[in-house]
Ligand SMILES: Cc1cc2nc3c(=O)[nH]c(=O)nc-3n(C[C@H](O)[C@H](O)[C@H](O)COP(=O)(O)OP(=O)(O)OC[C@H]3O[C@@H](n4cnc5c(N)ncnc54)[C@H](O)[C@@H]3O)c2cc1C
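Before any questions on binding or motion, here is one chain by itself as structure tokens, the form predicted on its own.
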Amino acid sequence: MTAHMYDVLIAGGGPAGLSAALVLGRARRTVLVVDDDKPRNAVVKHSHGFLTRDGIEPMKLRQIAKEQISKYQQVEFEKDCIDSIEKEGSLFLSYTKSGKAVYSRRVIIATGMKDELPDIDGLDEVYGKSVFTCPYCDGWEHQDQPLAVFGEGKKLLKFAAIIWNWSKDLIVFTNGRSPVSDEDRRDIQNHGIRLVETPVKELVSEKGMLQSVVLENGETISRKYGFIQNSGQHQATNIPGNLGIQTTRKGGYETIGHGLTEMKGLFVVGDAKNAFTSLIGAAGEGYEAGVAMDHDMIHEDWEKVTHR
């Protein structure tokens, strides 16, 4: 099998990976971006909070980025997934699921997270359309509307307080799982928020738009939109872990600085590093990692000439 050689392999074609590809392409680096074109945020109609692109469709943002990067001909795109990565001396040898072998001097993991939603009947139909995870992404559009919060555990109060900032017409559903402490219950209720601890039977919707929450005791509660405290997010790839990179308590891979991990040449950026970054934050991290690894390769190449 013939392995292609690049300066940098980027696993993941979201804002972090594409931003890194842009800065590296401008630095005259040969780059391969491998992505399956199935982003986590494909379920939402609009992406918010990205300066100059507020409200853009997620796939449109990618399209514009690829069009702008296309003039840097040393950047290539492959619709595929990275299946495994090995370290061979100073190089990385990566294999795609389709069987392509790629050598690279550096690797950026920008694969983000995947969701595993709570087991609530009807949630799949409304997720990304009228029930969301990020209030900073979707709170403005649903301010002062009848909102539902689905959550549990120690972080429930903090999450409810955040959503309360966008609407005081708020009901918190714990789905009958972990009990709420007396202190948190009083705090929630003192802010005029109804707390429902009865298990949820189903979410009723029409064309993805939430209409009501039906409880197991038969009660039906009208709601128009909702936010999930925990979408069951987990790493989209185990490759850094297979290379010995540990995860933080938030679930992101540990890095030292600028996205660099303890393995020389291996970078992790965006949600894969932070669990949650935001689109514009991920783009910033991709740029930062691209500059850092280019500086590293420049120094490496300079030293080779110096020590001839």
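Everything numeric in this text was worked out from a predicted model, so none of it was measured. Throughout, we count residues from 1 along the sequence that is shown.
This protein has a second form, the form predicted in complex with this ligand, left out of what is shown; the following refers to that one.
Screening 267-275, 252-260, 65-73, 23-31 for residues having heavy atoms within 4.5 Å of this ligand in the predicted bound form returns a single hit, 267-275. Under a 4.5 angstroms non-hydrogen atom cutoff, this ligand in the predicted bound form has D115 among its neighbouring residues.
Though the partner is left out of this view, D37 does reach within 4.5 Å of this ligand in the predicted bound form, counting heavy atoms only.
Using a 4.5 angstroms limit between non-hydrogen atoms, G290 is distant from this ligand in the predicted bound form.
Heavy atoms of C137 reach within 4.5 Å of this ligand in the predicted bound form, making it an interface residue. Interface residue among D80, E152, E125, D184 relative to this ligand in the predicted bound form, by the heavy atom within 4.5 Å criterion: D80.
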